[in-house]
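Just the one chain here, the form predicted alone, laid out as structure tokens.
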Amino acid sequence: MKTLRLESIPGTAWAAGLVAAACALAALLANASVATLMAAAAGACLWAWSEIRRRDFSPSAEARTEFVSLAEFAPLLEALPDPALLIDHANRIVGSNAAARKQMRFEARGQYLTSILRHPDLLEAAQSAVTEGATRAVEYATPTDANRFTRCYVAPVKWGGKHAAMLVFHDESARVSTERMRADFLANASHELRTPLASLTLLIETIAGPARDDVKERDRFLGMMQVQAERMRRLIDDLLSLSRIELDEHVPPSDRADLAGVAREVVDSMTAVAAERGVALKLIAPSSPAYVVGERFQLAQIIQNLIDNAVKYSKSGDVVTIELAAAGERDDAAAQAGRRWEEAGRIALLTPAAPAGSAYTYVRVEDRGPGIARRFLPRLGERFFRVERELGDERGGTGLGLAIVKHIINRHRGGFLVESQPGLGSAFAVYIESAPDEVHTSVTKTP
């Protein structure tokens, strides 16, 4: 209760008090009994007023929260590390944190939830949280975002007299990728290793039986066993490599690498291997660095797999051409890298989103092999798919080289193209976002 100070009484109150005193004096002079009753009434009024002032009629804490807007709750969302949204009874977004705005690419408050999320189970859970107070967890995938898997916790929020729902999104991509990687690895390994293992078993039985005393046949069978063992080793190496790539496929690289330098190193290391098959490698690349946003080791894997694939299908005396150049935006890069032969069949195995202003650098590996029929182009990049197997002409590959390239390019948010014409050859091209030029500042040291 506040203490009344004389200096705090306004002038109008003093004037009203003087008027009241004058009226009371006049009433006393006119009629003493009436004046006495008026004074008693005034005293009773003052007593009632003092009792009223002793009571605290300020709104209770619960009543005050009814007047608090949901928007005042929104800043608390910034304390959450995961993306979070607060929606009202009409499914409008009344609050969000920076992580949610960055991931879902929106800014304005007041948008409807359906404008940024389209998953029906998630929308139903949000509505149930507001109207029924139900708490749910919804898992869903985003195929357009490199197969991102998200678990969304939807919980009701009562803020004063208002009902709302909070949505917290947790990235489950790493966990789901690990589980799928384990299952795929076991399934693929058991399927593909069955053939060489059966061959080894048969060869061992032959050496232990009919060819036990035949030195010439035994040596021939041992050579065949060596081929099957080498095939198993390559298959296991490729499976492990593919599994590691898939594990981090949802996380785009942030490093900066010189793609031209990587291409020169790979070509130098593979020249001798290609020469053993009578194939020459020709690199067309700028002498200056060509920086891209990517991981150097995986970029080398891309170029190495594409060159190895081209050499495998080339004849003795052929030349495999590796061309690298900077291009413009996505469509320009695709046109320059994968549209050279008028009558060729072509397909885009991967096409990235096209952020405004992004430039790309492409690598095209071209051979003069037998080419690929149009009907097989959509299946290139599938695990264990080999054109020669479909045609009955096995060449000993694992069928994982192009799958590895596809998954690496997907992680780098790039593009992957195939152009092929039977009788002319095949060309596989990838394009990756160019890195912005860095500004180097020289510092002069004072001795």
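Not measured: the values here are computed from a predicted model. Start at 1 with the first residue shown and count on from there.
The next section is about a form of this same protein that is not shown, the form predicted in complex with a small molecule.
Enquirer: Among Ala337, Val292, Leu299, Ala310, which has any heavy atom within 4.5 Å of the small molecule in the predicted complex?
Expert: For this set of options, the contacting one is Ala310.
Enquirer: Would you check, heavy atoms only and a 4.5 Å threshold, whether Tyr431 touches the small molecule in the predicted complex?
Expert: Result no; Tyr431 lies far from the small molecule in the predicted complex.
Enquirer: Is the gap between Gly399 and the small molecule in the predicted complex 4.5 Å or less for some heavy atom pair?
Expert: It does: once the small molecule is placed as it appears in the predicted complex, Gly399 has a heavy atom within 4.5 Å of it.
Enquirer: May I ask you to check whether Ala257 falls inside a 4.5 Å heavy atom distance of the small molecule in the predicted complex?
Expert: So Ala257 does not count as contacting the small molecule.
Enquirer: With heavy atoms only and a cut-off of 4.5 Å, decide whether Ile372 touches the small molecule in the predicted complex.
Expert: Yes, contact at 4.5 Å.
Enquirer: For the chain shown here without its partner, which stretch in 95-103, 372-380, 276-284, 342-350 has non-hydrogen atoms within 4.5 angstroms of the small molecule in the predicted complex?
Expert: This holds for exactly one stretch, 372-380.
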